[in-house]
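Just one chain is shown here, as structure tokens, and it is the form predicted alone.
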């Protein structure tokens, strides 16, 4: 009996010692709806395995302006050990030198190459994409059927796509072929298809090049021709709302639209396909909207932090996120996941969004160290043309001047 008691005490003391030896890793991410999911991921999927390795996560969601808080905390030395880095602001954070290079610590080859590129500089990878979105053409099957028009498909180029939208718009005065916004976050994908890039090889921007101007004219022309309308013209807040209300047959969005359609248009018969190809290059283009997990280069628990990052981007973690219908996984191996083969509009649409990361000319939704301010002059030009205030030549000339001035002011 005494031996049993002694053995039990030894086991208890060992357990207490193990618990006391836990390394605390501070993890920071977005506020809003994100914490509920991330906390479940920690509690249900990765927490136990990490605890067995002597690691405990202290999860600290940031409810206020995330980028501002992260900038200030990195400067003050109070940032977490592992944290989100948004794709659109990644170049600025990488430039601080506060992100740990990961290529020798993590198997970056397991992740989609274009996603790694979003968080890379000079051959170093500074973040592992936790998930992502690309753009797709979401279309109302019933409206195309009523107009006797073939659904949008991967073989469409800008010309055939615009023709389909115009034919649907001709069916009913209250219905448009598409609902699109004056937004660089959509136009840019078409410019990529045409061979344009956000920055040229010399670091400059050319909005008057044929590659960009042709894409600009195609995109804005959908509205000026009457084939498409802007959301505000239809009393909607965004294109997804137009699609749900059946005011437009097409919306160009990411997988974020799926939950909205599920809740607001449960009976909508819809499909999804890739963005139409440029007639010039024969390629489509796309944006990668993504957020990475990164490790603080100044972390005092660096090894444990890397293990936490690996757990947060592990196959088990990404399978959990995928099955929740929340986002698209960034691991290459999940391309053949059974989820994508399910016989549902959501699963088929998610597969299109997943494959969009490797379909044509695909680049990160990011704009150097100036961030999304880059989009302002282009958005203004689109608005001016779509509302008929000015022609595209004058609008692009003004946008070029404004963007050049913005880049010069931001130069070091």
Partner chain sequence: MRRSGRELLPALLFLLPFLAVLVVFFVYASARAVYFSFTDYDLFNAPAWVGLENYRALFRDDNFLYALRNSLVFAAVVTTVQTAGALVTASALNRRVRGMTFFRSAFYMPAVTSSVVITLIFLWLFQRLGGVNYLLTAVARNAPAIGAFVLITVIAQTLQVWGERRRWRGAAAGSKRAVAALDPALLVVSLLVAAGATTVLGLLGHLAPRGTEAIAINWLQTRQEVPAGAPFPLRAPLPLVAIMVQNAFTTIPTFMLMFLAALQDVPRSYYEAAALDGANAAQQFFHITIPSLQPVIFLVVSLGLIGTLQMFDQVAIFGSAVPLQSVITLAYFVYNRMFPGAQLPEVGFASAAAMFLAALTLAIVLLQRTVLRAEGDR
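Residue numbers count along the first chain shown, from 1. We call the rigid core whatever largest set of C-alpha positions still superposes within 1.5 Å between the two forms. Keep in mind that what you see is a predicted model, and the values were worked out from it rather than measured.
The next section is about a form of this same protein that is not shown, the form predicted together with the partner chain.
Contact annotation for residue 398: at least one heavy atom lies within 4.5 Å of the partner chain in the model of the complex.
In the model of the complex, none of the heavy atoms of residue 358 sits within 4.5 Å of a heavy atom of the partner chain. Within this chain, residue 232 lines the site of the partner chain in the model of the complex, having a heavy atom no more than 4.5 Å away. At least one heavy atom of residue 98 is located within 4.5 Å of the partner chain in the model of the complex. Between 375 to 383, 45 to 53, 341 to 349, 358 to 366, the stretch whose residues reach within 4.5 angstroms of the partner chain in the model of the complex through a non-hydrogen atom is 375 to 383.
Distance criterion of 4.5 Å from any heavy atom to the partner chain in the model of the complex singles out 92 from the list 195, 279, 92, 315. Taking a 4.5 Å heavy atom cutoff to the partner chain in the model of the complex, the contact residue among 149, 74, 112, 322 is 74.
In the model of the complex, every residue of the candidate spot (67, 387 and 402) has a heavy atom lying within 4.5 Å of the partner chain. Comparing the forms between this form and the one not shown on their rigid core, the Cα displacement of residue 85 reaches 2 Å or more. Residue 217: CA moves less than 2 Å between this form and the one not shown after rigid-core fitting. In comparison with the shown form, the Cα-Cα distance of residue 281 and residue 121 increases by at least 3 angstroms in the model of the complex.
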